[in-house]
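Single chain ahead, by itself, as structure tokens, in the form predicted alone.
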Amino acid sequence: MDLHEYQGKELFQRVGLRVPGGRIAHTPEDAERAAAELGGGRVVVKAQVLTGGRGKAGGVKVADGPQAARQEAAAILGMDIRGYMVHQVLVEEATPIARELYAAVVLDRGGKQTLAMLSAMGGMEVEKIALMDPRAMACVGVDPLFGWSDFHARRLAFDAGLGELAQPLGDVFARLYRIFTESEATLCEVNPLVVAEDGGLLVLDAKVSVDNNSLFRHPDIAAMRDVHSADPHEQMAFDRSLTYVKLDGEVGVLGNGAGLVMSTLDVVANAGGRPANFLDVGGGAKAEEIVAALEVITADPKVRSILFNIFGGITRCDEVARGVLAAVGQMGIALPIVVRLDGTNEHEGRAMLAAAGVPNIYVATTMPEAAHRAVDLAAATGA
């Protein structure tokens, strides 16, 4: 789950990281009051959307005083930035900047460790830093069993050419690592981390992503979820406790188990089709969960056919067949549905589907057969 900038800064403040004073505003009037509460001087009005490129899109403006803050907020609220509507802005004290740095703590899945990153080239996208000078990004791996230590900070600072800031950078990274581990995040990024005129290090922007699977242990962070910014189909799946990712294709995909669903996406692509989604109902799926999953898939108007790929281990294939028939009956689904059942009670499940005689349900026995049938049916439906 991605957090807004102001929410990330709330987490950073918990561990003592220094951030500018700021207020969240939902209306131009709120922005005017916020600027006045911050002293009535120069402020920055920043769109709060879960995407980058706000500045280039006109979503970050400097305002000289409360009245100007109101005007800038009125211009920013309601903007569309890369497909995200701006519903709120952060009104923040303007900060004189002596130097901009980049700092991040990120989960390195391949290395099975935490990766700390530091660059003297802050204020631009990480990709641009790598393109301009790959050596400009200093990185150090942190063994999760060992944890953070001062030598990690010294190594980062000197590798990035920032040895004179080794001590304050060490303090910043120690706190970043703490919030990274305590919140079970996958990313804590500060860009830019600025050297203020007083020599201190100040968090000017914050990007935080938290592992969805850990949210039940962090109800305070789970409550930060912005349902307005979420894709409506993904929010529908979230409300139904389904693992779902929306894609751009026309073949709806449903399976039980992340590995099986990923394989199904590949098989659909190899058959010449494009998956419309990733949807994993998990092991032991019951009929009501199948109904909920089909509600999510059919809510996407791009879907032209649906492919079930079920391996019956814990999940019983006859239970899945019962769910498919129940969903078609309740929802009146007209889209072609290809069902591939393999494993526990597969014969009973196939017999149940055959006996029902529903004209838009097709039974397949292998993954390639199911994928080709689904792709062909999607093409015929869309023609």
Ligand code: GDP
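Quick note: we count residues from 1 along the sequence shown, nothing fancier. Remember, it's a predicted structure, so these values are computed and weren't measured experimentally.
Note that the form predicted in complex with the ligand isn't included here; everything after this is about it.
**Asked** Can you pick the one in 257, 192, 168, 161 that has a heavy atom within 4.5 Å of the ligand in the predicted bound form?
**Response** If I apply the 4.5 Å criterion carefully, the residue I get is 192.
Between 93, 295, 226, 211, only one gets a heavy atom within 4.5 angstroms of the ligand in the predicted bound form; which residue is that? It is 93 that has a heavy atom within 4.5 Å of the partner.
Looking in the predicted bound form, any heavy atom of residue 204 within 4.5 Å of the ligand?
Judged by the heavy-atom cut-off of 4.5 Å, residue 204 is in contact with the ligand in the predicted bound form.
>> Residue-level question: is residue 108 within 4.5 Å of the ligand in the predicted bound form, judged on heavy atoms?
In response: Result no; residue 108 lies far from the ligand in the predicted bound form.
| request: Decide whether residue 123 counts as a contact residue for the ligand in the predicted bound form under a heavy atom distance cut-off of 4.5 Å. | output: Taking the distances in the predicted bound form, the answer for residue 123 is yes, it comes within 4.5 Å of the ligand.
Using 4.5 Å between non-hydrogen atoms, is residue 332 touching the ligand in the predicted bound form?
-> Taking the distances in the predicted bound form, the answer for residue 332 is no, it never comes within 4.5 Å of the ligand.
Margin query: Quick check for you: of 311-319, 44-52, 343-351, 30-38, which stretch puts a non-hydrogen atom within 4.5 Å of the ligand in the predicted bound form?
Written below: Result for this chain: 44-52.
Answer yes or no: in the predicted bound form, does the ligand come within 4.5 Å of a heavy atom in every one of 60, 97 and 100? All of them do, each having a heavy atom within 4.5 Å of the partner.
Next item on the list: Just give me the residues of 1-37, first to last, that have a heavy atom within 4.5 Å of the ligand in the predicted bound form.
Entry: Stretch hits: a single one, 5.
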